[in-house]
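Next up is one chain by itself, shown in structure tokens, the form predicted on its own.
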């Protein structure tokens, strides 16, 4: 297991300075928001070439794969292809995507198909086959992220993402686990992690209140033990708020997490 952090959480005048601070704090990887990737790509490529920090993942808004029409869904596919290509060039694990936020946008086709989520799942599986082929070509994974019930109606638990990965059946279509969302949705976080072992390639870390680990009531010891049992080797990236000075709190958080690693 390796620790990563989103670049916007780290102080610095430029990416090279941010990467140096990450290294000083004890991180090994950096995650970048998707909306920032096109303008940051060349600077990131240059900064990474002279740093011991590795590129982890692309995170953030990449469009709506379950939008109401072809134009919206195609735009999301094309954006994800672009992100996958950049991620692959930087040697990253993959691009995180949430299929849709909020309520359904796909029309309800009752009485032909009365369950809109079944329609959405069929659409998503076909989209992921398209994206999976591109992901394989560029050497980066498309990574599904389940969210909690307050942020999406679709794919809220790890088991839901596993079902989709199984149905797609492609090597570069994978999934991730976010401790904040799991704290709301999963009955047992360690068991859920173990059940998703075959497809799990990334983890987001935050405490129960979406602040740095150590500032809420989340148990990290048992979930980390579960990750060890399944042989998880990839990045665990911080995606949360910082309650104070990042220069103090980020290295403190690294020390806290490494107690369980």
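These numbers were taken from a predicted model, which means no experiment stands behind them. Numbering follows the first chain given and starts at 1.
Although not depicted, the form predicted in complex with a small molecule is the subject of the following passage.
Undergrad: Of 145, 117, 82, 167, which one comes within 4.5 Å of the small molecule in the model of the complex, counting heavy atoms only?
TA: None of the other options qualify; the answer is 145.
Undergrad: Work out which of 140, 96, 128, 158 lies within 4.5 Å of the small molecule in the model of the complex, going by heavy atoms.
TA: The residue in contact is 96.
Undergrad: Among 158-166, 173-181, 82-90, 67-75, mark the stretch whose residues have heavy atoms within 4.5 Å of the small molecule in the model of the complex.
TA: Going by heavy atoms within 4.5 Å, the stretch is 173-181.
Undergrad: Report whether the minimum heavy atom distance between residue 249 and the small molecule in the model of the complex is within 4.5 Å.
TA: No, residue 249 stays farther than 4.5 Å from the small molecule in the model of the complex.
Undergrad: Is it the case that residue 35, even though its partner is missing from this view, gets within 4.5 Å of the small molecule in the model of the complex, heavy atoms only?
TA: Output for residue 35 is no: heavy atoms all beyond 4.5 Å of the small molecule.
Undergrad: Residue-level contact is defined here as any heavy atom of the residue lying within 4.5 Å of the small molecule in the model of the complex; does residue 151 satisfy this criterion?
TA: Output for residue 151 is yes: heavy atoms within 4.5 Å of the small molecule.
Undergrad: Can any non-hydrogen atom of residue 223 be found within 4.5 angstroms of the small molecule in the model of the complex?
TA: Residue-level check for residue 223: no, no contact with the small molecule.
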